[in-house]
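Take a look at this one chain, the form predicted alone, written out in structure tokens.
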Amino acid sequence: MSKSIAYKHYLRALSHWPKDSLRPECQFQDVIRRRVDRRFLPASSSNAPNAAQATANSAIDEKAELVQVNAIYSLLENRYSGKYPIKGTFLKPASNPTHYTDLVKELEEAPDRSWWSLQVNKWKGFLRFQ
């Protein structure tokens, strides 16, 4: 186990990261966790390639890693949505004012859809009556 402060911050931030229900087989926190483990934990000499050993054995720039962790924390805490709020009619374009609300609704409903509702929505896309 690494005693690095940055490593501990990575683990804490990734433990709070929300699960992606649209792609359960490919989670952001799993990908970053593998990268962090390769970077901070020593590689075993019997089953690791030489490039991984060189990376693991090289000196870790703690300050640079903390900057990376800070970027993850800023996304996790939605710092930028508070700092740069979306104003005006940006989320309600004149051509389709409900586009973004419909998109959020679709993304929330998509993981729980049955096979039958997927087929119905597919046919609705083929046959558009107005």
Partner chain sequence: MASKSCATCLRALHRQSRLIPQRASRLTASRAFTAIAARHLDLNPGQNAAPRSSIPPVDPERAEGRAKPPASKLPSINAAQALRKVTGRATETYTAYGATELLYKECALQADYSIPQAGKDDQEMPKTEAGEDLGIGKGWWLTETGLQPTFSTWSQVTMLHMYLIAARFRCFPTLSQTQTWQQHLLDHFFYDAENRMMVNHNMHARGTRNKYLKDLFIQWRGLLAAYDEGIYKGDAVLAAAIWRNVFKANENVDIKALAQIVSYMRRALKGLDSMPDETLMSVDLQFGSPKDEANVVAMKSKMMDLPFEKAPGKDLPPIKKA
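We call the rigid core whatever largest set of C-alpha positions still superposes within 1.5 Å between the two forms. As the structure is a prediction and not an experimental result, all values here were calculated from the model. Numbering follows the first chain given and starts at 1.
Although it is not shown, the form predicted in complex with the partner chain is what the next lines describe.
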- Within a 4.5 Å heavy atom cut-off, is K122 in contact with the partner chain in the model of the complex? no
- Verify the contact flag for F28: yes if a non-hydrogen atom of it lies within 4.5 Å of a non-hydrogen atom of the partner chain in the model of the complex, no if not. yes
- Using 4.5 Å between non-hydrogen atoms, is P111 touching the partner chain in the model of the complex? no
- Query: So, in the model of the complex, is S15 in contact with the partner chain at a 4.5 angstroms heavy atom limit?
  - Reply: yes
- Message: Would K83 count as moving between this form and the one not shown, using a Cα shift of 2 angstroms or more after superposing the core as the test?
- Response: yes
